[in-house]
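Presented below, as structure tokens, is a lone chain in the form predicted alone.
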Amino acid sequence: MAATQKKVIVIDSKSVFTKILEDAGSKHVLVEFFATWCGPCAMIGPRLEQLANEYSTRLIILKIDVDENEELALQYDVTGMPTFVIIKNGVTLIQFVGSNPEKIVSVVEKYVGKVEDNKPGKPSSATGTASVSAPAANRGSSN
């Protein structure tokens, strides 16, 4: 049952939002301001769930319904939807509007890193191989 649990958190009040930001520590927080009547907002939902799973150790993803949380929408000057904000340590790093999945991934990679950087113990492909094989090759060489 835990495997099917959604990782994107829907915020229902400013106090919950503030608490999550405080508890985030050094994690980045991606906030989507959306509306239930916004078609592009609904279309980007599955991609946000995927990002939440891929970046679970480094990124918290929140959704805020602007019609239910007008105070937060005003605080972040939301004028179009979906509006995305990346916050770290209580500071807004970037804010942008639009539902282009490639742009969202690109911005997340810029601020949080690539998905493969998230996998512990994964050696980097080029440097790991070169540093191991070069000394072995030099040992067997007569030059």
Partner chain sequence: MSLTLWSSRCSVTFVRQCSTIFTSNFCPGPVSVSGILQHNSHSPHQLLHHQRTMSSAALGRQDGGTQSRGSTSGAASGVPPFKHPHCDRQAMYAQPVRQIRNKGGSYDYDLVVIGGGSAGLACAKEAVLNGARVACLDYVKPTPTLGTKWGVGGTCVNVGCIPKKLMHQASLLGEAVHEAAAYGWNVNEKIKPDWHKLVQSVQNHIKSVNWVTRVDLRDKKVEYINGLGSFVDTHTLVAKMKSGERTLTAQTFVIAVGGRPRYPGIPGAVEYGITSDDLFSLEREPGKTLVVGAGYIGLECAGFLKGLGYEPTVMVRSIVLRGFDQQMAELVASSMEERGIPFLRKTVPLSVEKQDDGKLLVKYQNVETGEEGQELYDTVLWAIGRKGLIEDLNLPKVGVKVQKDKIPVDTLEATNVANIFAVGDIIYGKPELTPVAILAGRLLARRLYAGSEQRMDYQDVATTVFTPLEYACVGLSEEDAVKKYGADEIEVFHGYYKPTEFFIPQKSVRYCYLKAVAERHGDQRVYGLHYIGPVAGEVIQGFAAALKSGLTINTLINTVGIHPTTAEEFTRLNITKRSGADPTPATCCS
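All figures in this text were calculated on a predicted structure; none of them were measured in a lab. Residue numbers count along the first chain shown, from 1.
Although not depicted, the form predicted together with the partner chain is the subject of the following passage.
Legend entry - the partner chain in the predicted bound form: contacted by all of V8, G45 and S56, heavy atom 4.5 Å: Looking in the predicted bound form, the three residues V8, G45 and S56 all stay beyond 4.5 Å of the partner chain (heavy atoms).
Legend entry - L93, A52, V115, V66 - the one with a heavy atom within 4.5 Å of the partner chain in the predicted bound form: If I apply the 4.5 Å criterion carefully, the residue I get is V66.
Legend entry - is_contact(E109, the partner chain) in the predicted bound form, heavy atom dist at most 4.5 Å: It does not: once the partner chain is placed as it appears in the predicted bound form, E109 has no heavy atom within 4.5 Å of it.
Legend entry - N100, heavy atom within 4.5 angstroms of the partner chain in the predicted bound form: Result yes; N100 sits at the interface with the partner chain in the predicted bound form.
Inset, instruction - Considering only heavy atoms, tell me if N89 and the partner chain come within 4.5 Å of each other in the predicted bound form. - result: Outside the cut-off, so no.
Inset, instruction - Tell me, yes or no, whether V31 is in contact with the partner chain in the predicted bound form, where a contact means a heavy atom of each within 4.5 Å. - result: Close contact is absent here: in the predicted bound form, V31 is far from the partner chain, nothing within 4.5 Å, heavy atoms only.
Inset, instruction - Taking only heavy atoms into account, state which residues of 71 to 90 are within 4.5 Å of the partner chain in the predicted bound form, ordered by sequence. - result: Sequence-ordered list: A73, L74, V78, T79, G80, M81, P82.
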